[in-house]
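What follows is a pair of forms of the same protein chain, given separately as structure tokens and numbered structure 1 and structure 2.
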Structure 1
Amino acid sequence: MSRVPTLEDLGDVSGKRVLVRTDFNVPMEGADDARIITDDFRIRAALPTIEWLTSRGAHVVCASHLGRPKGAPVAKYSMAPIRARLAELAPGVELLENLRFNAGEEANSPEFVASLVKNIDMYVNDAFGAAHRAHASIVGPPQTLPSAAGRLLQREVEVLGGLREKPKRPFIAVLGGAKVSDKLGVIESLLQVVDSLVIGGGMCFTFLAAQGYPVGASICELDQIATCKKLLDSGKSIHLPEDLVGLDANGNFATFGLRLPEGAKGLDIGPGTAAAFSDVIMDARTVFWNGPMGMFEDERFAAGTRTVAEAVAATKAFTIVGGGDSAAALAQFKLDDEVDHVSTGGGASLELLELGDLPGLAALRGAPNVR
């Protein structure tokens, strides 16, 4: 894989209009026409790249998506509150309206790409969380403009790319969360890279079902059971829960073994499992964690995720956490400073680990300044 260009590869940026694809998909709350940003971390995270450009005399035009407006303007997903915050943090920097207000963004339409690059001299992608999607703002501008990865994207490529090349072993991946079928897809390739997989969260129920355990009313993807059987039979090391916590058929908190009664829902790994997973994490030398072990937003089901987070914080291994909710869980437990790298992309980090490349990176490598 040839090198992904960085800001230095842009040459002289003075007097240039630079389009910066940022990930300003920030958490917000409040009425649709008076949204309030609840955490501006993603805006602040873009400042090193923005300031590198502005301090060298460039005029920066940022562009981002926000939520899933489905190709038409909706007040709830207006960039106005983000534009106001950006004006405080980086005066003089422009921010375009939500990219996904135009259907051409997700469809990667040439007309939308043309409108994005109009009156623009250079392009920087700093939106790792969107770099696995072949959307207009990700793959379009580098076709014609000198382009580079911003600092956030550059660091993601260094850390996650490095994991594929020469990880310290044992290298383990801890997977959980709710996007079961998305993540099951990458497990097969992840198994080629890691020494063992640790599986909790909603995903574990499809594996438990594949082993013949009744999973009650837990999330389970019936059409993926065969895939899970195949993975379990592959002889690779896969750690699954040995006990579970959740709600019984009457909605009361309950502890279970691996057989869930009818109507019962598994919502967290049990204490025995959490301790066993923590041992595996402490013995590893590289740990990649994506996806909470349970429905941690509810304090009753946060213990498994907390124990795993504490082990990830305490282990001597090189630790990488990917995924919005996993990062939120770490922050909730005040452990986010204890990991080596918190990735800004969930799907993107898994896909980069799996494939070693992303559409957004390939586009940058093909830009006219590096071709």
Structure 2
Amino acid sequence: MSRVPTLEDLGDVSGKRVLVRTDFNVPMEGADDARIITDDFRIRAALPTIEWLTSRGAHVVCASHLGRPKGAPVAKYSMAPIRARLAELAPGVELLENLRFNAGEEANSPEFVASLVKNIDMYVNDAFGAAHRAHASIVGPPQTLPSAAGRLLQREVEVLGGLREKPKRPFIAVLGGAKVSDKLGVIESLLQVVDSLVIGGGMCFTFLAAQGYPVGASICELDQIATCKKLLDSGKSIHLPEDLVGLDANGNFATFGLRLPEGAKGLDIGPGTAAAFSDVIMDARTVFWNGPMGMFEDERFAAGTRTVAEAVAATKAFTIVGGGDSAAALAQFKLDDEVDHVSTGGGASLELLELGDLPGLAALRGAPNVR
């Protein structure tokens, strides 16, 4: 992967107005006019970049999206609570209103880009979680402004780029989640670089169906069975469940082998599988995990994900968790401080692993200070 410009490539920032694209898409709760931030991690994660700039005399203007307001102002997606928290953490830093209140953000409108860069001297992208979107605030400013990756984005590129280029081996990838179709590209890419692929979650049932096992009423993508069979026949090392946990046809909790009765639904990997997956993880030197092993939000079906999370936390391997539900599971089990790198972008981390680049990174490499 070609080098992405970093903060040092901006040169002298003293007296400059710097637009910093952050990812302040934080969890919130409460009434629309009294929303409260429940976790300010994403705000705090931007502070190293903000402080680097302000300590060198720059005036920082942050910009972020929040939720999915669909191109129009929506009260519950106002940045006001985030602006108040940012003022406490980084006094004097501006924060624009929600970028997605303007339809031009997601449409990458030149007019909206022009409004963003007006009276701005430099641009920094520190929003890895949005770097796979070709939105106005991501790909527009680097067309005309000296630009760089912030510290958060820089770290993501270093860690995830290293997985593609020179991982310590054995390199094991653990994938979960509901659908094979959502991760088919990354599965095919990872199979070219990993030593073993471990598959749980809802997607495992399409693979099991490809092996000829009945999967009952479990989630299964019939149009992906042939693709899964081809992957299984590729000669690559792919670990699948050997037992399952879920509900029988009457809705009662049950443990199954690999043949699910009619009407039964698999909702987690079984204890034998969890132990076997843990053994694979413990023998690795690099582990990438994205996607839960089951419906971990329900305590009845959390054991598989918890066991895998504990193995990822305990192994001496270099461990990367690819954001999204995996990061949420780690936090739920209070293990998020026990891994080497928790990515701030689930979809972005998968796309970077699959394609080796993102629209936001390509835009930075094309900035006027890089050419």
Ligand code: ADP
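None of the values given here were measured: they were computed from a predicted structure. Whichever C-alpha set is largest while still superposing within 1.5 Å between the two forms counts as the rigid core. Residue 1 is the first residue of structure 1, and the numbers go on in sequence order from there.
Peer 1: Of structures 1 and 2, which one represents the form predicted on its own?
Peer 2: Of the two, structure 2 is the form predicted on its own.
Peer 1: After the core is matched up, is the C-alpha of R133 off by 2 Å or more between structures 1 and 2?
Peer 2: False for R133: its C-alpha shift is below 2 Å.
Peer 1: With both forms fit on the core, is the shift of the CA atom of E262 between structures 1 and 2 2 Å or larger?
Peer 2: E262: C-alpha displaced by 2 Å or more between structures 1 and 2.
Peer 1: Angle of the smaller rigid domain relative to the larger one between structures 1 and 2, in °, please.
Peer 2: Spelled out, the smaller domain pivots 9 degrees relative to the larger domain.
Peer 1: Y213: how large is its C-alpha shift between structures 1 and 2, with the rigid core as the superposition reference, in Å?
Peer 2: So the C-alpha of this residue moves 3.3 Å.
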